[in-house]
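The chain below stands alone and is given as structure tokens, in the form predicted on its own.
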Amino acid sequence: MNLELRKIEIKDVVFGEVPGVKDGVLTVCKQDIIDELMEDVNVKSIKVDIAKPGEKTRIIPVKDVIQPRIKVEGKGNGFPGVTSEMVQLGSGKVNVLDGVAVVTIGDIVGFQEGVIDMWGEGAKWTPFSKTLNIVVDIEPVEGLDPHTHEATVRVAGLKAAEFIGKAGKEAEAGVVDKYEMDDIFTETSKYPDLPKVAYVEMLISQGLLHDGYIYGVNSGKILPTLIHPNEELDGAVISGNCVAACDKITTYQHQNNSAILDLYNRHGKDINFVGVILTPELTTLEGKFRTCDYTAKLCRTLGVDGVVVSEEGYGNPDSDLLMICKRLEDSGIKTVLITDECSGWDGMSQPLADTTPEAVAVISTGNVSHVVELEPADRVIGSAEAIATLAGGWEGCLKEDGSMVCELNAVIGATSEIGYHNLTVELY
């Protein structure tokens, strides 16, 4: 597969009547976006706003973050299986509005959402304080069942990103990133002496607000699946996860999966990167045995020498992470784990809910329980009161002056387990 991500550097976003890109400025038409999304009969109202880096703006409660793009050559625009007809992704040329994100907010049925601060202390903890954010506030009609409500909000965000991405169709790209990889046999013949390495990406798959999607299919309904890395970079994997904001993998992060990009960068140099295995994280013991055994079997079938495993979430999925590790190491496959920790406010609690002696190479992406103090905002897009019901927030954490105290749990992308964040870990 050959994929080109053609990056159009966007330096500013403004509202206007005619969408397009000129001299690094993206113009979006607010009413056009509203009209597009209001075509869904389950949507009651849409609000659109812009939040820029450095502004004292707080966005809350966030559901997802999506990168606007348009495919200018090849099959599969948008998100096939969800917003468009099903086609195979991973090839072609894509114009990317680089530096721009669509951020969706609003009531999402449950209580676990997140916050993005565009300035100050809060900005240090989320990568989306650095993007020019087009914020879409989605209000569904009353009376929807919870699953329809959730799907309405999720799909509206994807449609918004797809619609906004059209503005970049004729724009010139400043940087073109090319991703080319043939089948495993061809690549191994090119690099016979390099160790074969696979990437196992665990996806939350635990029910309403706890799901990932692959070509529109709920990951909880599949066995572990081998995909070409280009497919994820091209939009095949999307987020339906609102478990804990800090380590949910947003759709934007799937589109720019840093673990995949790092492995791609080393492909043909010191490793032979053979592909991505998407593994669901289930809640039942039977389900865990099934997916973990199957994941290890796929790795053995591929004949890999090493595996990088990233988790999504913490607590219950820690068991899956360690079970996969044990099975791979017992098979003679070197395994590296990427996970965050739930170590308490003082950082002294047991970091994971499970352990195994085979886990000898573990990368920590931070403590989800770390407490931060966020200054009052000049402008809040959404509802500041939502912090009380976010994972990582509590009743009384919002102060009278508009400041708040919360755990990193509540901050979007703060401890991303694919490494897409600003946090580093210091060992003592």
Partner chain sequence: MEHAFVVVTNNPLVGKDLGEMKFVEGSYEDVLIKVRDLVYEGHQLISHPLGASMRMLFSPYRSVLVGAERSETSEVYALTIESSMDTFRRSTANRNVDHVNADDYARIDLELLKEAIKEHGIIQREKIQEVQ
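All values derive from a computational prediction rather than experimental measurement. Numbering follows the first chain given and starts at 1.
Below, we turn to the form predicted in complex with its partner chain, even though it does not appear here.
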Picking from Tyr213, Trp125, Tyr314, Tyr252, the single residue whose non-hydrogen atoms come within 4.5 angstroms of its partner chain in the model of the complex is Tyr314
Here the chain is shown alone; which of Ser319, Ser91, Thr225, Ser84 has a heavy atom within 4.5 Å of its partner chain in the model of the complex?
Ser319
For the interface check, one of 66 to 74, 44 to 52, 358 to 366, 384 to 392 should have non-hydrogen atoms within 4.5 Å of its partner chain in the model of the complex; which one?
384 to 392
In the model of the complex, is there a heavy atom of its partner chain that lies within 4.5 Å of any heavy atom of Asn409, even though the partner is absent here?
yes
Please tell me whether any heavy atom belonging to His147 falls inside 4.5 Å of a heavy atom of its partner chain, as the geometry stands in the model of the complex.
yes
Is it the case that Lys326, even though its partner is missing from this view, gets within 4.5 Å of its partner chain in the model of the complex, heavy atoms only?
no
I'd like to know whether Leu208 contacts its partner chain in the model of the complex, with contact meaning heavy atoms within 4.5 angstroms.
yes
Going by its partner chain in the model of the complex, which residues of 259 to 288 come within 4.5 Å of it through any heavy atom?
Leu282, Thr283, Thr284, Leu285, Glu286, Gly287, Lys288
What changes in the model of the complex is the Cα distance between Gln206 and Leu390, by 3 Å or more; the two atoms are farther
Closer or farther: how do the Cα atoms of Lys130 and Gly393 compare in the model of the complex relative to this form, given a change of at least 3 Å?
farther
